[in-house]
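Below, in C-alpha cells: the form predicted alone, a single chain.
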C-alpha cells in the first residue's frame, strides 16, 4: 500500500473490505494496521494484525503482502 492512512480511516477501509469480502485488500490493510501498531510499540496487537494479513493473503493470493506479514511474525518468533 503506497499511502499512509489515519487509524480511523484505516479502520473504515477494513470494515468496507470486510463488507465487500475483498480478501486481497484485507491483507494489505491488516498489514498496514500491524505496521502502525508495531511503530507504536504494541507488538502483541501488531502480531495479531500481521496474522490476519497473513491468513487473508494466503486465502486471496496476495503473495507480496502475505510474505511481508509472515516475515514480521517470524521476526517476533510468532510463526509457530
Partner chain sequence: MTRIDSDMLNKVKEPVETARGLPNEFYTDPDVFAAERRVVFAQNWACIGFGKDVPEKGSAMPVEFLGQPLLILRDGDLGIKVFQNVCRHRGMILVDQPTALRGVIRCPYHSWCYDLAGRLRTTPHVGGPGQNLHESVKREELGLIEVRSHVFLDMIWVNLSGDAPAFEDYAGKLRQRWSEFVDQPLWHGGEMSSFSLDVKTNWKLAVENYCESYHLPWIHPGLNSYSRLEDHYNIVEPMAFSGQGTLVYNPQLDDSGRTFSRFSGLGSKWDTVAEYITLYPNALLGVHKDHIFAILLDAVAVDRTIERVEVYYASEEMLGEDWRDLRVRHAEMWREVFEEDIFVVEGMQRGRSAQLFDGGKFSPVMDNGTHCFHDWVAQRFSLAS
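Note that the coordinates shown come from a computational prediction; the quantities given were computed from them, not determined experimentally. Residue numbers count along the first chain shown, from 1.
FYI, the form predicted together with its partner chain isn't displayed, but the following is about it.
Trainee: Closest heavy atom of residue 52 to its partner chain in the model of the complex, within 4.5 Å or not?
Mentor: Residue 52: contacts its partner chain in the model of the complex.
Trainee: Examine residue 47 and determine whether its closest non-hydrogen atom to its partner chain in the model of the complex is within 4.5 angstroms.
Mentor: Looking in the model of the complex, residue contacts with its partner chain include residue 47, since a heavy atom lies within 4.5 Å.
Trainee: Wondering, does residue 60 line up within 4.5 Å of its partner chain in the model of the complex on heavy atoms?
Mentor: The answer is yes: residue 60 has a heavy atom within 4.5 Å of its partner chain.
Trainee: Heavy atom within 4.5 Å of its partner chain in the model of the complex: which residues of 8-36 qualify?
Mentor: Read in sequence order, the lone residue that approaches its partner chain (within 4.5 Å, in the model of the complex) is 23.
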